[in-house]
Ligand SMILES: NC(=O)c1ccc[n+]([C@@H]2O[C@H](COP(=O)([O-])OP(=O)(O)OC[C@H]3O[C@@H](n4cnc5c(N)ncnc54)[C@H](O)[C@@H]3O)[C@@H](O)[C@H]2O)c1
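Next up: just one chain, as structure tokens, the form predicted alone.
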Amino acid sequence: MRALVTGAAGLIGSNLCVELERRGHEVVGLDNFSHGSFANLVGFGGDVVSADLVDAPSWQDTVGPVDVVFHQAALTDTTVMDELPMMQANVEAFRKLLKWVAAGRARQIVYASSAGVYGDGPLPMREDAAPRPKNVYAYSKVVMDKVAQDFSLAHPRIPVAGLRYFNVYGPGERFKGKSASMIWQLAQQMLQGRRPRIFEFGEQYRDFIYVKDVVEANCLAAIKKARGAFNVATGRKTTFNEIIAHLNAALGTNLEPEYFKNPYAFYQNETLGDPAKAGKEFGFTARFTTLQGIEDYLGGFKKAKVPA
């Protein structure tokens, strides 16, 4: 298989590039390096095209035909309030990519959607729920899902799968800055001997999913030629207080949380995905619990002697 991975220098993209190559596939990575870093691709042996998806002529001929596109490129900062760059980076780039796919340059596409489309909707979150985006990032993913749906109707021979990632964490996220997972951010505070700061009173929860599970979901969706939208979730909730307890255990620290008021009106207090559809359609089940993921992740910290 020959694959194109967009957002190749980011958290999910870099892990996906490395794993696809490890499995014997030919991989081309594409990134504009605005939110990722070359450091995530050190050791990756495939080609890397430096370009922005919106600037179509700069990459389309260079990449060449592929079997599968794994579209991970996105502007992911949920605190961004400027709506135009968010919509251009996420939606309009996706339109251009799909136009390229439709021109016979790829046989299928698996793209990154988001659990953000559910907003503060009922739990557990299921794919047939009405969208309730609470910020422009989430709204951009709602529009992407609609664009993908329309594309599928117009091009029924091309499988299109949108993976609604829940709260992804793992090696390679340090370049995301404030968009990095709370697991990463809290670990950094604790590694510096500081009390981890979380919103009052730490009982908010997330469906945290380890990046290795996310990579596996992408691979399975491609193998099974999945079509439609699917949650990529564990189906288990973990509070921020529990995250701090897991980090204390993994780091050998004993730091109590420091609580402060939440300044964001659009904040999701709870996320919990129903993974049943992905399990049924392409056999995906998360392998890592949050504790197991943190232990695996922090093992990388210690081995490298620097944050992963």
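Quantities reported herein were computed from a predicted structural model and do not represent experimental measurements. Counting begins at 1, following the sequence as shown.
Keep in mind the form predicted together with the ligand is missing from the figure; the text below concerns it.
Colleague: Using 4.5 Å between non-hydrogen atoms, is residue 28 touching the ligand in the predicted complex?
Modeller: Judged by the heavy-atom cut-off of 4.5 Å, residue 28 is well away from the ligand in the predicted complex.
Colleague: Might residue 36 be said to contact the ligand in the predicted complex, defining contact as any heavy atom within 4.5 Å?
Modeller: Although the ligand is absent here, residue 36 would touch it in the predicted complex, with heavy atoms inside 4.5 Å.
Colleague: Can residue 114 be called a contact residue for the ligand in the predicted complex at 4.5 Å between heavy atoms?
Modeller: Within the cut-off, so yes.
Colleague: Given that the partner is absent here, does residue 176 sit within 4.5 Å of the ligand in the predicted complex, heavy atoms only?
Modeller: Yes, residue 176 lies within 4.5 Å of the ligand in the predicted complex.
Colleague: Let me know the one among 53, 272, 247, 63 whose heavy atoms come within 4.5 Å of the ligand in the predicted complex, would you?
Modeller: Looking at the other structure, the residue within range turns out to be 53.
Colleague: What is the one choice in 73, 233, 183, 221 with a heavy atom within 4.5 Å of the ligand in the predicted complex?
Modeller: In short, 73.
Colleague: Counting only heavy atoms and a 4.5 Å cutoff, which of 124-132, 95-103, 165-173, 187-195 contacts the ligand in the predicted complex?
Modeller: In short, 165-173.
Colleague: Heavy atom within 4.5 Å of the ligand in the predicted complex: which residues of 1-40 qualify?
Modeller: The stretch touches the partner through 7, 9, 10, 11, 12, 13, 30, 31, 32, 33, 34, 35, 36.
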